[in-house]
Structure formats: structure tokens, C-alpha cells
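In C-alpha cells, the next block holds one chain alone, the form predicted alone.
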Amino acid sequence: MAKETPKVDPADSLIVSEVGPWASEKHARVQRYIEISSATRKKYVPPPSWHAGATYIELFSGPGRSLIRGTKTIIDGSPLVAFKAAQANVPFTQMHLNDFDAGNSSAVDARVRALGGAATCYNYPADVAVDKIVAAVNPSGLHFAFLDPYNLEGLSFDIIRKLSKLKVDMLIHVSVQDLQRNLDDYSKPGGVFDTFAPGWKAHVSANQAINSFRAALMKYWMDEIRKLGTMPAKGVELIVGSKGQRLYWLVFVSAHDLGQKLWEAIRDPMRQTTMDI
């Protein structure tokens, strides 16, 4: 079977990813966070030179531009949304962007540079890139990580654990569809749940209805995040598709006391689920 020709953006001839129309909702939360956190970020940005800096981090960056599936509409991906939002307010001192696909990594690097910026771009599995990024940034700085993996397999709990060593806020995409579609396979010994939520079997019974199992697993996962000394904000946001299908949760995790106020300001309260755990 012939390999499909990669789609490109005619504006710059670089590759694009394909996304659903709901991708813009995630990007809106990223943009809004960067806007409302600008006053706090400014306290970390030089001058004076001793200020520790403020960093934007993505481990699943994509190529920086995306085609909305089934249309001809091309939109900015989250790295460009973040860059532009920061430039309009208080720029990040560093951007660290990773994508396992070398073509994506190269494209997002070129696009940030075309905007007059500079990003440190990596081409590694996320669990490898996170070590390099944590080592590269100032631990005393203020950091924001957007974790937007394609599926739960990419969201190893070790990634969250390692990032939590920094002063960091995280916006995390957790795929409901992937969890539900692959629940049986993921819950097998050595399956994805063992890396997504290590130790879950001692606390969550798989012998229950899907909705109950899903809620119990997420509660355990969020409790484990709390043990890291950081705090998931209340009001997990559920994003649904055009036909009402449950797509993914957005979970905001903050390293500081203002985290809940920030989340209240950026989320859509009409989409809040009952997962206030």
C-alpha cells in the first residue's frame, strides 16, 4: 500500500497534522492561561538578570499547524498559540518543544523561528524528552506544561512526577475515548494503566461497570498527583464532540495556591463534570 502523501500548509509548505474541530477548545484554554498568568510570569522574567525565567513546555507538540479534519481550514497548533499569546503579553524566556516524529519537530521549529522566536526542539519519546527538559530549565523558574498526547499510552505517570519537581502548572489532556475503547487491553497485566496510574490494581477494582471503573481510576490517578505535592484543580472539564460523544478530559494541575483561581478563569463552567475529586 502506497504511503499517504503528508498534507502541507500552502502558506509555508510545511507539514500539518489533522485534528478534530474540538482542538480549538484546548488551544483556547492554553491561550487564556498564558494571558491571565502574564502578571505572575513577569516576576520571573529578566531583567534583572537574576530572575529565574519562565518556560513553556510541550512533549507532544505536533508540527505547529493543523488541518481540521474534513475541512480545508488550517489553524495554529498549541505551540504557536502559546508563542503568540505570550508575545502579546509577557514572552516566555524559553520554549521547549518535543515530538517523537522528526518531521513534526522540524516543522514546529521552523514555524516558531518564522515568527521571530526560538524554541529548543527535541525528537524523542516523551518519557526521554522530559528528562532533558527538566535538566535544561531553571528549577526556580515558573513553568507551564501542556500535555496533549494522542492517547493514554503516551501519558506515563513518570512524566508528571518528573515535571512536578519544577514550579510548574500543567494542563493535561486525558482521552476518555481511548480509555473506554481500550479498557480491557489497558487493564491487563503490563498494560497501559500500569504506566498511566502505577499501583492502580491495589486500589481500583476492574470488576465494576465501565463508568464506575473509569471514575475510580481517575480518582486514584488524581490522588497520586496530590501525593507529589501539587494539586489538581477541582472541576475537571469534559470536551464532547459534535454528536455529544465524550472525547477527553482537561485536568489542570498547579504548583501554587492560585491554581484553582486560574482554572476557574480559563475553563468553561458549563462543561464541568461531577469529577470534583
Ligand SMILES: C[S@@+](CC[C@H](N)C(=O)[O-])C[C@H]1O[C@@H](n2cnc3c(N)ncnc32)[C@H](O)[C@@H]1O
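Only a predicted model underlies this, so the values are computations on that prediction, with no experimental measurement involved. Start at 1 with the first residue shown and count on from there.
As for the form predicted in complex with the ligand, it is not shown, yet the points below apply to it.
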item	value
R41: touches the ligand in the model of the complex, heavy atom cutoff 4.5 angstroms	no
Touches the ligand in the model of the complex: P198 (any heavy atom, 4.5 Å)	no
K26 within 4.5 Å of the ligand in the model of the complex, heavy atoms	yes
In the model of the complex, G117 touching the ligand (heavy atom, 4.5 Å)	no
Contacting member of Y33, F60, F252, W221, with respect to the ligand in the model of the complex [4.5 Å, heavy atom]	F60
Every residue of P79, P125 and D148 near the ligand in the model of the complex, heavy atom within 4.5 Å	yes
Stretch in contact, per heavy atom within 4.5 angstroms of the ligand in the model of the complex, of 162-170, 117-125, 199-207, 88-96	117-125
Residues within stretch 91-111 having a non-hydrogen atom within 4.5 Å of the ligand in the model of the complex	N98, D99, F100, D101, N104
